[in-house]
Structures are given as structure tokens and as C-alpha cells.
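So this first bit is one chain, no partners, the form predicted on its own, shown in C-alpha cells.
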């Protein structure tokens, strides 16, 4: 059937606590995908214990990073909308209630699969304006400045409104106006300020208050809205009403486009009306590959997520991870070595496919993985410099994801972003929304890291009309029988890829249910800096000691690794949704 027809810390004690999975009676997070007959050990002081609520349903499931947006999505499904209808409504709702990452001034990617098995991938990534050159972001000595991270020069041409409109045009079943109505209501009548929003605004107050419209909207009376207060955004409500009435044309051709262009000229930015007129969302062929008999469908470039994950999973497919055990030193070592090699290829080869030829078929092949696997020692860490092909000249976020499945089996995984929290920090005057700072995702000069520490090649060099390389990894996984199994994705910059990959491994290799898979501690490695990051208290003392003995530089991460929003479809069709507790306001709702 087609769419149209339907940061805390504790003392490390080094002790272990068992969390059972693979039970014959479905546990809280739903049935295990495979009955491994094993138990999963989390360190004694790991804070996420599988106790957070999950969503359960048979007719639909929505998982987002904000409970109000989740409710909006479920309401759309219950009103007869399909998964794409719900995704459009959720995207606009998040732009109101989650201004750190929800947006109409950013961009992103969507991967979807219809109930009859058709797949598609939509690229609505931001583009660089026509006037841009690398010299805009280099000082007199040729060293990158901070101009790509904050302020008007950092802004790419937004793609979110075009992306959501294109999704609706091709697959939507409800009226466009009806899908924007919940977001308009939230902006016009307000919502209750959470601790997460208040703290995010307070944490960036010194940066955000540099811009007059940002101060006016988000610091009324000179301070961030207080927890529990009602926060109204009348300017954003009017903007959304225009988009509801005129579609994407309101944003790219009408009054909103004029307001963006005026603010860019006032602040010395590069975006002009012609850049907005020229923007288009693009349908692309998904990256599709097999992992232990399961089919994985993910995003192609200019997202690096699908290719990088495919290479990493193809490498570890040659090892018995289940036999080695979850988060054992050996299984972590092999995952990290796979990540190291996959990120080396990501950073060197990948970019915007409209500008760069990439050997994607080779990178995602089993033959290539075989060669990569042969270079891995089972007991000794590799040297990242031996894989890096981008000379290192200097050593040196906020995204959101949601997953939706409807009763007809249509599924969508959508990740979108402003890049850093609140993007560029600039609110468009009289329009009420933040603009992105996506230019920092480009290579400004090869060998210099971006905000996320990624050192990339000239394949991702900034250029007019080009789309910056991304790590967003919206993903759908099918059972060996071809039936839907998982819908997932994550925020987190470069950590997105490793977070999504580990959740797939958690479910397929270790048989975890939805709740345990999302709660499980994670590690991260992105080639450079050459560090094995782990979440605080996520590895016990003995495991860290073994990894150090293998030659890994084992470092606690200063933040959580990702924020996965996961749906698992059980063999009987029951849907289990788990929102990541690393992001406090998330929720899964089914019916």
C-alpha cells in the first residue's frame, strides 16, 4: 500500500549489574529480536537502567525528542494521516517547541519506506550561497577563523521548508494547512517552558543576546523564559501561517524570503534572494546493504552516515560479536577499529554528489571490507595516522531526529538540524526563527577541524551551491524476511554515525529490546583525534584497563553519545518505541 492510501557523573565502582534480554516473555521494551540466551551487563553505576517508559501500539508509533511534538504526530496518525503526514506536522511542531534544533531555518534528510516496500531518500540539506568563497573564512595567514560557526557568514540556504513540502507533495494524504495547524497553535497560544529549554537558552545567553531579534524573542524582559512559564512566539506563528497558506513559495519567494535577504545584507551575510529562489530538495537513491541477513536502508551523500555505517558494519560482520559479548574489551576494540577505518574514508572521499565523484560502490562492498578487516589486529589498536590521508594542520550540536511508523507499515526516519545549538544564533527579524550555521560543516581548508573535530579533504571544500557533508544517519532496517524491523536515527554531530551503528548491533547481534538497546552505554571513535571516547560510567574499570593495554587512548566523553529515537516492529506487528533518556524531554507514543 502506498502512502497516499492510507552530563551527570558518579564514582566508577567497576562492578557489574545484569540486565536480562532475550526473554521468552516480552520485557518492558518489547520482545528481543533474537533469543541470544545471554545477559547484558551494564556497569553498576550506569545511569540508564531500562526503566524509562516506552510506547506500544499496533496502528502507529511516533518517537521524537519532545513529548509535545510526539503528541502532535500521534494525533495526526489517529486522525487518519500517514507516516509522512505525521512527519511534516512533527517537523513544524519541533520548530516551535525545540528551537535548539527543531527548525525551519536549517535542513536535513529523510529516509522512508512505504508499506508496499518502495524506498526513497530526500536530501533537503542547506546549500552554500552563490557569493561564497573559502577566503571568507580564512585570516591573512590562511588559517580558518570562527566566521563559519557564528554570525551571518555562517548561514547556509535553508532547506527544511522545501523538504517538508516535497515530502507532502509526493506522499502526503492530509491537507498542508491541517499539518501546520498544531505548530501554529503552539506558537500562537504558547507552551510550558521546560528546564531543558531554559538551561539551553541560559547556557548560550552571552552569544544569543548579541542579536536584537534573538533578544526580543527569546529573552523577553531581559532574561530567558522561566521554567513553567508560558512561552508564546507570535512572529513565528505569523510565519507559519504564511507557509500554511502559500506552501514553500512563502519561504523561498515571498515575504519571508525578503526578510531573510534583508537580515543577511544588514549583517554582512552572503545569502541573496536568488539563492532562496534557486533552492530545491533532491530525491536520491538510498544507500542499501545487508548486515547478517538484514537489509539496511540509509542516507547517501551529501550525508556521510549511510556509507560510513555500511563500511563499519561490513567490517565487523566478519566477527562473532555476540560470542565476544556486549561491551567486552574485544567487541569494543573491533567496533572502534571498524569506525577508525570507515571515518578515514568518509573524511577523504565523501562530499556533495553534484560536485564530487565518490567510489561508494567500492567503499560499501564486501570485498573492500575484507581488505579492511585483514589490517585489524585482534589485540592491538591501530595508529590512526596510518589511515589518515588529510594532512593535520591543527588539532583542534545540536540536531534532532524522529522516527514514525503508521498502521499500513509506512515508515520514515527524519533527521534535521541547525548544526550547533540555536544554529548561528540569529533570529530573522519579524519572522521569529533561527538560522543555521551549516557552513562550518564544510571543509574551509583541508587539514583543519570543524567544530566536531572532523578533519576533512577538499572533497567537502566550500563552494557556491554546494551542500556540506553531514553525519546525519536516518535509517530503516528490514528483517531477513523483508519485513520492517527498525526505524532509527540520532543527533550528535559525528557521533550520530557511531550511535546509530551501535543500536543496530545492539538489536541484531545482542538481541536487545527497544528500551535496553537505546539505554545501553556507547563508545565513539572518528579517526582523529585518536581517542576512544566512552560515556561517563559506561565502561567499568577492568574493561578500560584492557583497552588501554591494547593501545587505545580511552577518554571519557564530556557529553552523551547521541540521542537515538528508535522504533522496533515485532513479529506480530506490534510497534515498540523508545526515546533516548539522554535527551530529557523525549517521548514515544503509540496506539
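Residue numbers count along the first chain shown, from 1. Values in this document were obtained by computation on a predicted structure and should not be read as measured data.
Beyond the structure shown, there is the form predicted in complex with 6-diazenyl-5-OXO-L-norleucine, which is absent from this document and is the topic of what follows.
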| query | finding |
| --- | --- |
| 125, 419 and 492 each touching 6-diazenyl-5-OXO-L-norleucine in the predicted bound form (heavy atom, 4.5 Å) | yes |
| 6-diazenyl-5-OXO-L-norleucine in the predicted bound form: contacting segment from 470-478, 184-192, 132-140, 315-323, heavy atom within 4.5 Å | 470-478 |
| 368, 452, 165, 349 - the one with a heavy atom within 4.5 Å of 6-diazenyl-5-OXO-L-norleucine in the predicted bound form | 452 |
| Among the candidates 398, 331, 364, 388, the residue which, in the predicted bound form, approaches 6-diazenyl-5-OXO-L-norleucine to within 4.5 Å (heavy atoms) | 398 |
| Interface membership of residue 85, 6-diazenyl-5-OXO-L-norleucine in the predicted bound form, 4.5 Å heavy atom rule | no |
| Exercise: residue 583 in contact with 6-diazenyl-5-OXO-L-norleucine in the predicted bound form, heavy atom 4.5 Å | yes |
| Proximity of residue 496 to 6-diazenyl-5-OXO-L-norleucine in the predicted bound form, heavy atoms at 4.5 Å | yes |
| Proximity of residue 441 to 6-diazenyl-5-OXO-L-norleucine in the predicted bound form, heavy atoms at 4.5 Å | yes |
